[in-house]
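Given as structure tokens, the chain that follows is alone and in the form predicted on its own.
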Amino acid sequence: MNRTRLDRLLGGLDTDGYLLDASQDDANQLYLSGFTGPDPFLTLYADGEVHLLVSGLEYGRARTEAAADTVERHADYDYEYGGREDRYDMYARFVADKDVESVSVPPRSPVGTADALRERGIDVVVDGDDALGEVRAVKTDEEVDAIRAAQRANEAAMRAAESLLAAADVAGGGDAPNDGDAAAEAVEPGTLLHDGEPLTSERVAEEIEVTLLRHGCALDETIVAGGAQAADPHDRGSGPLRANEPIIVDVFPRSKATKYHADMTRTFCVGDPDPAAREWYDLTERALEAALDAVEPGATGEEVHAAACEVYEAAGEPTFRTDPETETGFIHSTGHGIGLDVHESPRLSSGAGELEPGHVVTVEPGLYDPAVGGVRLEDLVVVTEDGHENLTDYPLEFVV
């Protein structure tokens, strides 16, 4: 946790404290409390200190593991198993006990909790700027190391996926096993085969996810999308993969130990890509290089995004800058922050603000059209005092 930045940003709010009512699934909660509680609990930042209120079930572990100055349990407020109003009474007493009369809460804070505290004399103000999210955006050296370790696991998973694709046979292409088997003969020519069976997006995703588990990470929404499916940037992909078509592989694992994410995308092709796909790949590699060159402290996310857009626009490809309603071309931002959330501040997009040392961002230009498929390339970088460090150590190679 960046305690200096935390004190500066949260201490500058016009309330006595900052209150979270959430479980560990909320990245702000995990960051501020340092506690992996699976059920919602309260964390209060006030006067430079962090206070936790947890159930008796979690009390012992919270005292040992939480990054808090004080940890209290429900029984300390004469509550353990009661109704909703009794629980809200406990919440109000917990807040008031810290000499707090007003609290800021994140935009997604539970409305019921906010209303109940107001009814009990605690002023609740929604922090529309998400100050805690801005604190989280600038990583400490320890956080960068955690992301770097997750990226090493990511690279192992990407190698496993690429190896599976590279070893595939092609149905109807002389090297594919057939032997007159009726099932093999029924496979559409051009389909990738693994051990005589169609190689599917699901099978490649399985290889990725198993590899990640072996490296201490987890992910259950891997993107392995080929052909027309790759034209939708967030299509997870399904069914048999085919030769001579771009296959987007986007892996964004989370470390089971540190809870920090990594992110990387590569686009592969087994066989001979269509000339349009090859042109798109070359353009996207140039867009990636241009955007990476623009990443430095003081540059804005908008400027980084513009650097990628300019490569595409010079080649006549549509972007949201030239056509906000386009459904083909470069149809997303250039990148986003990475940390306890897979998507967080800062953004690399139109209107985005300045980058600071410690920001960790993806740089991921791409082109999409169902007639061609999709191409996306993504590296992960940390902004440094004099530029950036690329945390990604994986080659750019289209044909496997």
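Since the model is a prediction, treat every value here as computed from it, not as a measurement. Sequential numbering from 1, following the sequence displayed.
Note that the form predicted in complex with a further copy of the same chain isn't included here; everything after this is about it.
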Do Pro275 and a further copy of the same chain come within 4.5 Å of each other in the predicted bound form, heavy atoms counted?
no
Is Asp232 one of the residues lying within 4.5 Å of a further copy of the same chain in the predicted bound form, judged by heavy atom distances?
yes
Does any heavy atom of Lys256 come within 4.5 Å of a heavy atom of a further copy of the same chain in the predicted bound form?
yes
Is there a non-hydrogen atom of Pro110 within 4.5 angstroms of a non-hydrogen atom of a further copy of the same chain in the predicted bound form?
yes
Quick check for you: of 243 to 251, 266 to 274, 282 to 290, 205 to 213, which stretch puts a non-hydrogen atom within 4.5 Å of a further copy of the same chain in the predicted bound form?
205 to 213
As a check of understanding, the residue in Arg120, Arg159, Arg236, Arg93 with any heavy atom within 4.5 Å of a further copy of the same chain in the predicted bound form should be identified as Arg236
Just to confirm, with a 4.5 Å cut-off on non-hydrogen atoms, which of Ala27, Ile331, Ala68, Ala46 contacts a further copy of the same chain in the predicted bound form?
Ile331
Does the trio Glu142, Glu317 and Asp393 actually contact a further copy of the same chain in the predicted bound form, every residue with a heavy atom within 4.5 Å?
no
Would you mind checking 117 to 134 for residues with a heavy atom within 4.5 Å of a further copy of the same chain in the predicted bound form?
Arg118, Val126, Gly128, Asp129
